[in-house]
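Before any questions on how it binds or moves, here is one chain, the form predicted alone, in structure tokens.
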């Protein structure tokens, strides 16, 4: 969860920094400043009003995702009960610690319901502040089961034990499903899942896509020279490394436990791969003879390009369904990793194209003439000037990842049944076609999110294109 919150907060910092650049770099009266590309890009982006509104909508979605437990919760934000001040919902903050201590005795809980769960609405408070939506996504309302529409008559049990018409604050404003779960609460908490899937899956895709695309674009098929022994042993190292690092059971079990456990298992596999690869590379230096010591060209570009074509030849959604169908237990973390590992091809192509253009420019030639290593030239000089169109591809990729996850949730594949997702809410509408609210509202949420990312990506592509500068 910490990783997710940090990822979401990084987006806010990025947007604020872009806006800050546009404001701080404003030319003061009487001050002669040179051209600033960041100022120009932000001014071009602001001209697209739809994209600017989309940026604000995305920022609002991030805020909703972070504070979802405080926006939609069946516990009050603040309450005074029998002289005791309690803050039940505030303990559900993403950075909260442990379980909430409500300072209510067991006898008082048993008086209203039972030990494990009770309806906070049935308590008689001296003072109380409720969230905007007074239901959690998994709360089953026994008085409003069987698909209550937003405009239908809804009941609730008051603190006197009397079943009455629900007041406005306790209504299900977007309706309920068969079990009486609130749709509005599910949409709000589903925002967190959607953003998490988009950010983490495209983070994985970006790591592979940028790295492979940069190597393919910079070296091509003839620039990278290597001794024949090192070349052959490198292939052997990759093959043996993948063979021994392939630990699907351990990685899947780790991902089922949580994203941190999954990352730990993947790090162990990566360490095994790197160790075998480096060991065989060192061993290759011990081989004598002219044949093994002769330098040959390594076709990096061909390897990466053929890999991209091979992966693109397989329908991505079919590949994801196949992999998720064979796992023992459904896990959202596994779905995010699979989406990331199958979505890097577009990013790699953009990075490769930019590096093919940049590698022959003057500053790259100067870096080579000064004797800088290829790794330093790629990551310190070439990549920073090639990532603008790549970021646009990543933005489109986030929208695509959200759509794929929604499709999988709709089909009931790979995503746990207890995980609140927009696709899962949309799937509930298939069971009862007259419950139009279960189809319309989740569909609108998915449509708005995909549109927002696409509008931002298109505007960023136009703003970051230097060829459009007059």
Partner chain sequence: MLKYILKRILTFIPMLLAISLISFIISIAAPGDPVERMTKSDQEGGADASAGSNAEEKERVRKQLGLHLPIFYFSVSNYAIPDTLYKIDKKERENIEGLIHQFGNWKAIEKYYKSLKKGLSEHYEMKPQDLLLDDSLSEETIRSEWNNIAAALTSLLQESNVDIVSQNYKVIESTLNNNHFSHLSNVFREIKNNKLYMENNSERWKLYVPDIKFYGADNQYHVWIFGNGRDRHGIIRGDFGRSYNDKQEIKDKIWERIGISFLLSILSIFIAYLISIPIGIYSAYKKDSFADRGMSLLLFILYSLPSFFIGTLLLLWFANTENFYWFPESGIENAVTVDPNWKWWEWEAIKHRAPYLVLPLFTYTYGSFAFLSRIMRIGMIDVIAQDYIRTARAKGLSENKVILKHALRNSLLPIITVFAAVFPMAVGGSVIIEVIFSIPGMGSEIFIAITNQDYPMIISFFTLAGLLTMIGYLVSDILYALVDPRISYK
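Rigid core: the largest C-alpha set superposing within 1.5 Å between the two forms. Since this is a predicted model, take the numbers as computed values, not measurements. Positions refer to the first chain, counted from 1.
There is also a form predicted together with its partner chain; it is not shown, and the following applies to it.
With a 4.5 Å cutoff on heavy atoms, residue 306 counts as touching its partner chain in the predicted complex. Proximity of residue 322 to its partner chain in the predicted complex falls within the 4.5 Å heavy atom cutoff. At least one heavy atom of residue 240 is located within 4.5 Å of its partner chain in the predicted complex. Interface residue remark: residue 315 is counted as part of the site for its partner chain in the predicted complex, having a heavy atom within 4.5 Å. This chain appears without its partner; in the predicted complex, the one residue of 66, 58, 426, 51 with a heavy atom within 4.5 Å of its partner chain is 426. Contact with its partner chain in the predicted complex, judged by any heavy atom within 4.5 Å, is made by just one of 41, 62, 420, 403: 403.
Looking at 428-449, the residues that come within 4.5 Å of its partner chain in the predicted complex, counting any heavy atom, are 430, 433, 434, 436, 439, 440, 443, 444, 446, 447.
Taking 2 Å as the criterion, residue 143 does not count as shifted between this form and the one not shown: its C-alpha moves by less than this amount when the rigid core is aligned. After superposing the rigid core, the C-alpha of residue 240 moves by 2 Å or more between this form and the one not shown.
Once the rigid core is used as the reference frame, the Cα position of residue 265 differs between this form and the one not shown by 2 Å or more.
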